[in-house]
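Let's start with one chain on its own, the form predicted alone, as structure tokens.
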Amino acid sequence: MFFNCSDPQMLAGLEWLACYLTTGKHLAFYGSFGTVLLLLAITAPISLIFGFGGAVAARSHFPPLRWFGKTYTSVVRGIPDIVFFLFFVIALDQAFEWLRHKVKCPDWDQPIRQGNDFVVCAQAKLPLSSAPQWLHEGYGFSLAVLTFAIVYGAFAANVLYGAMHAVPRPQIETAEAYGMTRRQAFWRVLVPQMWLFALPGLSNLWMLLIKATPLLFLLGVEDIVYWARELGGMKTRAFTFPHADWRLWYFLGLLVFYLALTKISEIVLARLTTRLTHGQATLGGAAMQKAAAR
């Protein structure tokens, strides 16, 4: 990156380390921290949408919709994350390509399943082989976001379902007695109040989502775990910057990153809880009232 880094063999000490830490691969490593934060920023609201939809479906009066909501939350929550990620991403990718294959190549006369291979026409590949690299990376990241959202949406659905039932039933009955329809009582009374009961569970779910981001490495996304393993492994004299096995230090850096992210999350969630429970008839609100009375 710097002019004096053109010949690493002539460098030593801090100057060598400065050049080593500013190589192109290290810049990609630093950028991968942004990939993790972007995943969290996109996945969290999508998971919440999936969870809200699942919770509403699970309490629906229409039996098929209720069965779908309860099956979604039960099945997805019952499968280990790593098994779901390794299987579902492949299945989802092949499903997309199979649908494109049926539309773009209707005259295809060969079987799609050929032994262990999944073969579709070139026009149906996602993304196309001629597509730029950023499109391949974006597609892989999108699959990862969708997979994370489906998995953690099921957990969010279970939390929100319980929060909806925690809202006192007399409040809904009072709203209906004032002339509100069932839908109006749901959106104006139940939904605003359920967040007070859902926040502790959603806070734990956010922490679990943070802990699960290293699974991006298993989905083929070049995240911080990928680069820590790649850069920290032993480099012989055949490399520009040879060094011993430094994975301990790289993964120690990841440890510090995740602990800092968790601590910041705890502070933000604590302030959000304090704000939402202010004046409310909940355990958090009662604790605040006692503290203020002292």
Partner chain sequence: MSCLETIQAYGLRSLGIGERLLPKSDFTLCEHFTLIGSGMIWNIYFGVLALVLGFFAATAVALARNADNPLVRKPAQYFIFIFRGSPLFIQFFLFYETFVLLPKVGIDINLGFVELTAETRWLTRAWLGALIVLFLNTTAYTAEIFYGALRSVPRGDVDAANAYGMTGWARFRRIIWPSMLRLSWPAYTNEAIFLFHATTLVFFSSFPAWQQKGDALYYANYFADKTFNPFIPYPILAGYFIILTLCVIGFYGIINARLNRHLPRERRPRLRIRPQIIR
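Numbering follows the first chain given and starts at 1. In this text the structure is predicted, and so the values were computed from the model without any measurement.
Missing here is the form predicted together with its partner chain; even so, the following discussion is about that form.
For the three marked residues, Ile49, His61 and Arg183, no heavy atom of any sits within 4.5 Å of its partner chain in the predicted complex. When contacts are judged by a 4.5 Å heavy atom cut-off, Pro214 counts as touching its partner chain in the predicted complex. At a distance threshold of 4.5 angstroms between non-hydrogen atoms, Gln193 is out of contact with its partner chain in the predicted complex. Mapping the unseen interface onto this chain, Pro80 counts among the residues with a heavy atom inside 4.5 Å of its partner chain in the predicted complex. Under a 4.5 angstroms non-hydrogen atom cutoff, its partner chain in the predicted complex lacks Val103 among its neighbouring residues. The stretch from 224-232, 61-69, 37-45, 24-32 that comes within 4.5 Å of its partner chain in the predicted complex, counting heavy atoms only, is 224-232. Taking Met164, Leu205, Val189, Val145 one by one, only a single residue has any non-hydrogen atom within 4.5 Å of its partner chain in the predicted complex, and it is Leu205. With the partner removed from view, the residue among Leu126, Val120, Val76, Ala175 that has a non-hydrogen atom within 4.5 Å of its partner chain in the predicted complex turns out to be Val76.
Contacts to its partner chain in the predicted complex (heavy atom within 4.5 Å) from stretch 15-46: none.
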